[in-house]
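As a starting point, one isolated chain is supplied in structure tokens, in the form predicted on its own.
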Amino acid sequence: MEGQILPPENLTNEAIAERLTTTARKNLETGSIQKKNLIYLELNGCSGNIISLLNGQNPDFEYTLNSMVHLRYSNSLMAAEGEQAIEQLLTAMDEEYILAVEGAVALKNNGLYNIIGSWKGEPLTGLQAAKMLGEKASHILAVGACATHGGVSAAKPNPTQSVGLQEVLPDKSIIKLPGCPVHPDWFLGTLAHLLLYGEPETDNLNRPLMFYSTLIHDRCPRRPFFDRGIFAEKLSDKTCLFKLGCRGPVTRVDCPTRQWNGHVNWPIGANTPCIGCASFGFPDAMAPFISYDTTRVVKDE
């Protein structure tokens, strides 16, 4: 190998995420790093993020659960149910663990609008679980829009008084992965980074820069139409969707190059304007999702 000139590493966000998960996998196989415990808590939401994660490919979610972490609790994926499941959750707190939370925290009536189970005959609310588990976790990931800032669960009129995870854990450092739902790579890549190097570099909103550093607008394949002032007048048009309400100019995430469903497509590729689901304030701050107001002014976050 001496004297051999290697090609430069691919520095795209996608390549970086792949190298992270591949390196984590190799290091786990050689024993140079150890698997960590993971508690995956689902609060007030639609479970869309855990469904999205099941579509992971790099690595797939089954590999993640079997080989990268010890999954100690997930009410959607674990075999135990009822008080047996809650007993496993409480027992998991005796060891070090990473906490991943999807869904918002319902505050109304002391959290009784979101009950995740019962223990010794008493209801265990999402609010209680979030505070209890968050205080002891080594690292915390807020997975999806509802966990990062309330998302759809906190949309007006918000009858459950739902809030993002940070509001009930104000003093804790939380890595935020907004999106509705989260892309499997955003979660699995961040998890791999935690195993290998600790917390990844984040922006001022605690989003990992390796996924959330660039505006969708800046890498949109329809950007040349925007620069030339050629705008779609209806959803089936193939030109820039900005004047139909596209939120790509204010949404920071790598959808244009990462894409979804096995990396085959994404909303704008399907002629749908970006609705800004990875922006804080979604959905209320991003509404209306479709607009024909050509005088609309878009402000960066």
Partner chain sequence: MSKRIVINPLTRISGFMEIDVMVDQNRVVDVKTKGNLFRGFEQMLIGRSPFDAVYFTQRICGICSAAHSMASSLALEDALNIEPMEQGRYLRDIIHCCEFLQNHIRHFYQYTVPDFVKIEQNTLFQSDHNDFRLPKNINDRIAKHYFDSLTFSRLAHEMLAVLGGKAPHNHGVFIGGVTTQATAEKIVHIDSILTKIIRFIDDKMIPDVYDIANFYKDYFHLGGGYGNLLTYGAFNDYKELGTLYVDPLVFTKGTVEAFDENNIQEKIDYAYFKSVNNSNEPSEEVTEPDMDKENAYSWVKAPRYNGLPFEVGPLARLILSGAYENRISAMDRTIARALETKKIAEIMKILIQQVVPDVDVQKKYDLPESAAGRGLIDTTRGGLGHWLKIQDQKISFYQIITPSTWDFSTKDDNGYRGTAEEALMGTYIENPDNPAEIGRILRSFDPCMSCATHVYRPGKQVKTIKVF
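Positions refer to the first chain, counted from 1. Please read these numbers as outputs of a predicted model, since none were measured by experiment.
Although not depicted, the form predicted together with the partner chain is the subject of the following passage.
- The three marked residues, V168, N206 and T239, fail to reach the partner chain in the predicted complex, with no heavy atom of any inside 4.5 Å.
- Using a 4.5 angstroms limit between non-hydrogen atoms, M68 is distant from the partner chain in the predicted complex.
- Within this chain, Y73 lines the site of the partner chain in the predicted complex, having a heavy atom no more than 4.5 Å away.
- Not displayed here, the partner chain is kept clear of R228 by more than 4.5 Å at the level of heavy atoms in the predicted complex.
- E95 falls outside the set of residues with a heavy atom inside 4.5 Å of the partner chain in the predicted complex.
- Annotated contact segment (heavy atom within 4.5 Å of the partner chain in the predicted complex): 119-127, selected among 136-144, 192-200, 119-127, 209-217.
- Annotation for 26-56: interface residues with the partner chain in the predicted complex are E42, L43, N44, G45, C46, S47, G48, I51, S52, L54, N55, G56 [heavy atom within 4.5 Å].
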